[in-house]
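Only one chain is given next, in structure tokens, and it is the form predicted alone.
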């Protein structure tokens, strides 16, 4: 697929239903991470474009979207889901070209985007308040109302999925949106916005302004016309966005980093566990907030787990996105350098196995998946988020030590427990500090319905499921005294 196949102009912003060039007239290079070549240009939006987008969203909210019945909002989202579903192959190829992930993974993201639209389309008219028993002579009830204009700053690793769970929920709840996609991954965001117009979304309800985080992103997060901010990305950037929002007393949903563990006890079914142990760490070349980068293994099965994971690692193939191998390139040369720096910190560790290159053009941002064994919990590779295809295996003696190691980082996003002992499963799930805990699986197939988010430096607030809808609304209590 080439940019000649696009049905929209990536060098423009979508504001108030119109494709317009950025006010500055500037663009940014669009680079294919599989070979490092420039394949086009995207808009370099800035303050003026953000101002126009926020104003358009406010007009649309005040004049149109706030008056559209919830059932009709749901029908528009459901239609949008069907349009996405019809373009799954095209969107998958677009994402693979833009982000570098293997084609099958990119296509799965497009399927997930369609599912988010379907889920939130069906949920739009089921977001209800409550009646509250109170004093005699009173009727008291609550209403869930949209914030108004919501900002969505979306990263480059899973653009379609994060747009689906963030923008989809916000629209279903009745908000109007301004979306700032990452400068490294704009194409499917723009494609989605174009399809939203086709689905019947009124002008101004969804606006998209590509650009640099330091320009368009900062302008959006600091804008006093925004009523709520949703951000997924790094801890450092999330902290800055929260500080910006605090100056205007705006609520923020933050989904940040992770150092997610899988705990493998000596009674685990290793045949079942093995694919999850590896795939949860190397999917999207490890560029996943919820990636399982720490494998904690009880000593009785430690040698076997290391050997079996090493065997699988030795078979992993890395190549360009369209070759549809196990791993594609990293998003950028900068990210490649960061990950290689982390791998270099493992010079004192046992390298259990690495993957192999296959059909990887020069100029691509390729890093071989690397498995380290016998790692101490205090080592940097066991504490810090790498955001690349690197996993460490850490031995433990008993349940108490496993929980201590699992909770021994600043993050708390996802964890997994591998054991056939039901009591141990329940104890460990309760003791682990994480927003999601899986028992004898990891990720539950994506789980559009499952609330997702973290604690500690993994952020706060929840996305996905009905919890996301609650986050995109504010609760009003009405108390009527009627005697």
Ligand code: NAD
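Remember, it's a predicted structure, so these values are computed and weren't measured experimentally. Numbering follows the first chain given and starts at 1.
As for the form predicted together with the ligand, it is not shown, yet the points below apply to it.
Residue 131 falls outside the set of residues with a heavy atom inside 4.5 Å of the ligand in the model of the complex. Taking the partner from the other structure, the ligand in the model of the complex has a heavy atom within 4.5 Å of a heavy atom of residue 334.
Contact annotation: residue 313 falls outside 4.5 Å of the ligand in the model of the complex, judged by heavy atom distances. Within 4.5 Å of some heavy atom of the ligand in the model of the complex lies at least one heavy atom of residue 221. No residue in the set 61, 66 and 177 has a non-hydrogen atom no more than 4.5 Å from the ligand in the model of the complex.
Annotated contact segment (heavy atom within 4.5 Å of the ligand in the model of the complex): 237-245, selected among 68-76, 100-108, 81-89, 237-245. Only one of 140, 270, 307, 212 lies close to the ligand in the model of the complex, with a heavy atom inside 4.5 Å, and it is 212. For the options 293, 157, 370, 207, the one in contact with the ligand in the model of the complex, meaning a heavy atom within 4.5 Å, is 157. The partner is not shown here, and in the model of the complex the stretch 85-101 never reaches within 4.5 angstroms of the ligand through any heavy atom.
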